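Next up: just one chain, as C-alpha cells, the form predicted alone.
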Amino acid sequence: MTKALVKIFGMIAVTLVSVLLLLIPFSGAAIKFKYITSIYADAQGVPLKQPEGVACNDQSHLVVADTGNGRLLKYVLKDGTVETGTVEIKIAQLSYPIKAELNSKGDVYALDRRKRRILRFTPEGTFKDYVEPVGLTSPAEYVPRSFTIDREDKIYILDILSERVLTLSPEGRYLRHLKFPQEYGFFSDIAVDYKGTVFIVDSVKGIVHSAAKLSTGFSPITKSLKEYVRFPASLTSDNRGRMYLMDKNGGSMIILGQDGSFLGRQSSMGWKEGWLNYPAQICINDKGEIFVADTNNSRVQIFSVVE
C-alpha cells in the first residue's frame, strides 16, 4: 500500500472516530449529542474572534461574548437555523467580555475581564448599569472571576479576591456569601441548578464542590476528575441536575450525574464541526439545545441532546 493510500485511510479513520464520538451514548445514561450548526460571523459577515462566552434561554435566544472583538452579539435559533438579524452590543464600557448570562426578563449580563466588572443591558442591548453589590459585608472589595444567574434572577459571583461566592438579589443587594473550601487550587467557574444548589469547579485539582440552597459551606461532590479531563474551566447544569464540564485544554466535555458520578465524555480536540479547540462557556436550555463558545476555532457550536 502506498504512503498516499495510508494517509487517506488514516484521515477516513479519524473522521469516523469523530462522528462516533458525537453519537455514542454515555455510559449509565441514554443521552446522545447531535450537532446542529455553528456561528462564525455576525449579520454583516464580520467574523467572530475568539469568543469566550455564550448565554441562552428557553426561547432559543443566545448572546455571544465575542471577546476578541470587544462586543456582544444576540442571535435566535429557529428550526435548527440561526437567524441572521443579529444585534450588536459594542460600547466604551465593555472592552473584553468573557462570560454572558440572560435573566428571566431577557436582560443581558456580561463580565469584562479587563475591567473586572459585570455589566447589565436591556433585552434590546441598551446599557443599564454595573452590577455593584449593595450592602456588601467586609471586605467591601471583590474581584469577580465568573458569575451566574438562577431561575429567580438572583446573581451569584465567584469572588476570587475574598475567596467566597456572593449571592445578590436581582436588584444587586447583598444576601449572603459562602466561603471557599480551605484547600483548593483555583476556582474558575460557578453554576446553579434548578434546585438552587451552587457548584464551583476547581480547575487545578479537577474537583467540583457544591452547596445546597440552605447550606453554610461547600463540600466536594467528586474526587479528582483528572483521569477524564485536563483543565475543567467551565460548567453548567441542565433541568435534570446533570453537570456539563468543559475541558479547556482537552477540547472535550464531560457529563456528571447529580451525585458527581461520571456519565461520559463528548467531542475531542480539533477544528472540524463537532470538535472543540480550547472551549470556554457552555449553556444548555430546557429544550436540550447546547451552545458552546469554541474559542480557538472562533465560533459558537450548537448541539441538541437526544434521549
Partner chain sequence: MKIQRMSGYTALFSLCLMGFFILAAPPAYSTDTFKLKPGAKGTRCIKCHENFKDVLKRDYVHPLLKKGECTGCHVPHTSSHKSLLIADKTKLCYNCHQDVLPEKRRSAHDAVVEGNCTICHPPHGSDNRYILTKSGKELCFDCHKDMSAELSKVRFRHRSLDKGKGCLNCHDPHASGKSNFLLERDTPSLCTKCHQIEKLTFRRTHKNYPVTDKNCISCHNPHGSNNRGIVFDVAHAAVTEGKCTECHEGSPSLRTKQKNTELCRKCHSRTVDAALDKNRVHWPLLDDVGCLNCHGPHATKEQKLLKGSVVNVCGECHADTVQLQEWSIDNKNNERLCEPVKKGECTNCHSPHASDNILLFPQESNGMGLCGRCHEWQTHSTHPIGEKIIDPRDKNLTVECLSCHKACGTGNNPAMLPFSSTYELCIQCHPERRR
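Treat the numbers as computed from the prediction; the structure is a model and nothing was measured. Positions refer to the first chain, counted from 1.
FYI, the form predicted in complex with the partner chain isn't displayed, but the following is about it.
Enquirer: With the partner chain left out of view, which of N57, T37, N277, Q258 would have a heavy atom within 4.5 Å of it in the predicted complex?
Expert: Comparing distances to the partner chain in the predicted complex, the residue within 4.5 Å is N277.
Enquirer: Of these, Y130, F186, Y194, Y174, which has a heavy atom no more than 4.5 Å from the partner chain in the predicted complex?
Expert: Comparing distances to the partner chain in the predicted complex, the residue within 4.5 Å is F186.
Enquirer: Would all three of R114, P144 and E163 be in contact with the partner chain in the predicted complex, where contact means some heavy atom lies within 4.5 Å?
Expert: Yes, each of R114, P144 and E163 comes within 4.5 Å of the partner chain in the predicted complex.
Enquirer: Heavy atom to heavy atom, is K154 within 4.5 Å of the partner chain in the predicted complex?
Expert: Judged by the heavy-atom cut-off of 4.5 Å, K154 is well away from the partner chain in the predicted complex.
Enquirer: Please tell me whether any heavy atom belonging to N249 falls inside 4.5 Å of a heavy atom of the partner chain, as the geometry stands in the predicted complex.
Expert: N249: contacts the partner chain in the predicted complex.
Enquirer: Should L263 be counted as a contact of the partner chain in the predicted complex, where contact means heavy atoms within 4.5 Å?
Expert: L263 lies outside the contact set for the partner chain.
Enquirer: Can any non-hydrogen atom of N285 be found within 4.5 angstroms of the partner chain in the predicted complex?
Expert: Because no heavy atom of N285 falls inside 4.5 Å of the partner chain in the predicted complex, the answer is no.
Enquirer: Out of the stretches listed (155-163, 120-128, 73-81, 209-217), which one is close to the partner chain in the predicted complex, meaning heavy atoms within 4.5 Å?
Expert: Stretch 155-163 is the one.
Enquirer: Out of 284-301, which residues reach within 4.5 Å of the partner chain in the predicted complex, heavy atoms considered?
Expert: The stretch 284-301, when checked against the partner chain in the predicted complex, contributes T295, N296, N297, S298, R299 at the 4.5 Å heavy-atom cut-off.
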